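We begin with a single chain expressed as structure tokens, specifically the form predicted alone.
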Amino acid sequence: MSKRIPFVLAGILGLLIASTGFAGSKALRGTVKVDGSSTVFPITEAVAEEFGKVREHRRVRVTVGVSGTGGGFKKFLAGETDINDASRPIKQKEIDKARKNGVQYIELPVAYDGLSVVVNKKNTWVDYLTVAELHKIWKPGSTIKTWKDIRSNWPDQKIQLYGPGTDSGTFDYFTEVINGKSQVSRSDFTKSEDDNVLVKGVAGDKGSLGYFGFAYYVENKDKLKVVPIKQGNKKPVAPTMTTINNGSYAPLSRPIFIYVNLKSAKKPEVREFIRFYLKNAKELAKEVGYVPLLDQDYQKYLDKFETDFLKLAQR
């Protein structure tokens, strides 16, 4: 009897360790690779940070790159990443590439964004811009060089333009709704996939004008002035949490997404990260300056993820 006590105690102790997680036997391990949109980056980064604070997740490494939506899809469709952040829906040529490469994926909307047109804080003359004026400024072959070229009562000051690079989903969306076709734009502007570079550029030049995701404006309100947009005969509307959510900030409101490789989702750490993402996106989207989906929408997309993954796992 006395000889068995240590073994019995050891067994009990082992059960206690397992149930409390002290030994880390139930802890997830591995790496979750994310890349893509700089617009979606703030949400995904916030999710990754909170995910890592959970005790069971501390051995999971989540890497979040910023290659732009298009650049991210190139890596995603080559099987180099598990998740792609995207500020636009996947294009047909990317869908074709996914089929060719055998990449099965699921599209999950995570929030709403309102592309924000911004000028320097010292700009006192711009009260709003119309969609037609934005087209006049940004169309290919545009002859707009100064603010006076837009409206005759504005100053004869040179415009310095800033915008996302061509791999950006924000660039795709803006050019589509303003110029009528994705990727169609004047080329003589300062471009970057990093929105912080654009913020710095606009903030440092009185004659500047640029555009990027709403969260970057919110984060830099003290350095920038947002420009209300007038569509047709409607009153000018500025991007806010309310106007983006109710659709009155048009035509520059849009959903933003994450795309998940369903093969990657076979890895427990990726699967758990997606679940955590959708369960916490509402609060974290608001925290970083985006407009969250409705509660039932997050649950709907979580259910869709679970269903699609289960179908794949049964094959």
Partner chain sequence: MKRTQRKRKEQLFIWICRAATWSAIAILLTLLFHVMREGIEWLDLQFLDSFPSRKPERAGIKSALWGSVWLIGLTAMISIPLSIASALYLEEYAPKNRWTRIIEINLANLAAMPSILYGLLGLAIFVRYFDLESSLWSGSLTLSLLVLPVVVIAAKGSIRSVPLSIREGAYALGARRWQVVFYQVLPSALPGIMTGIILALSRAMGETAPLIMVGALSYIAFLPEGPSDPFTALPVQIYNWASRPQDEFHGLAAGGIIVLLILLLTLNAGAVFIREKLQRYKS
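Numbering follows the first chain given and starts at 1. These numbers were taken from a predicted model, which means no experiment stands behind them.
From this point on, the text means the form predicted together with its partner chain, which you will not see here.
Novice: Any chance E133, V177 and V237 all have a heavy atom within 4.5 Å of its partner chain in the predicted complex?
Specialist: Heavy-atom distance to its partner chain in the predicted complex: none of the three under 4.5 Å.
Novice: To test your reading of this chain, name the stretch in 107 to 115, 193 to 201, 137 to 145, 83 to 91 whose heavy atoms come within 4.5 Å of its partner chain in the predicted complex.
Specialist: Of the options, only 193 to 201 has residues within 4.5 Å of the partner.
Novice: Heavy atom within 4.5 Å of its partner chain in the predicted complex: which of V64, A27, L262, A250 fits that? Just give me the one.
Specialist: Spelling it out, the residue with a heavy atom inside the cut-off is V64.
Novice: Consider the chain as shown here, without its partner, and state which of K267, K282, K33, R275 has a heavy atom within 4.5 Å of its partner chain in the predicted complex.
Specialist: Selected option: K33.
Novice: Could you confirm whether Y162 comes within 4.5 Å of its partner chain in the predicted complex, counting heavy atoms only?
Specialist: So Y162 does not count as contacting its partner chain.
Novice: According to a 4.5 angstroms non-hydrogen atom cut-off, is F41 in contact with its partner chain in the predicted complex?
Specialist: Looking in the predicted complex, residue contacts with its partner chain include F41, since a heavy atom lies within 4.5 Å.
Novice: Decide whether A215 counts as a contact residue for its partner chain in the predicted complex under a heavy atom distance cut-off of 4.5 Å.
Specialist: Judged by the heavy-atom cut-off of 4.5 Å, A215 is in contact with its partner chain in the predicted complex.
Novice: Considering only heavy atoms, tell me if K75 and its partner chain come within 4.5 Å of each other in the predicted complex.
Specialist: Because a heavy atom of K75 falls inside 4.5 Å of its partner chain in the predicted complex, the answer is yes.
Novice: Just to make sure I understand: among 38 to 55, which residues lie within 4.5 Å of its partner chain in the predicted complex, judging by heavy atoms?
Specialist: Residues within 4.5 Å: F41, P42, E45, A46, A48, E49, E50, K53.
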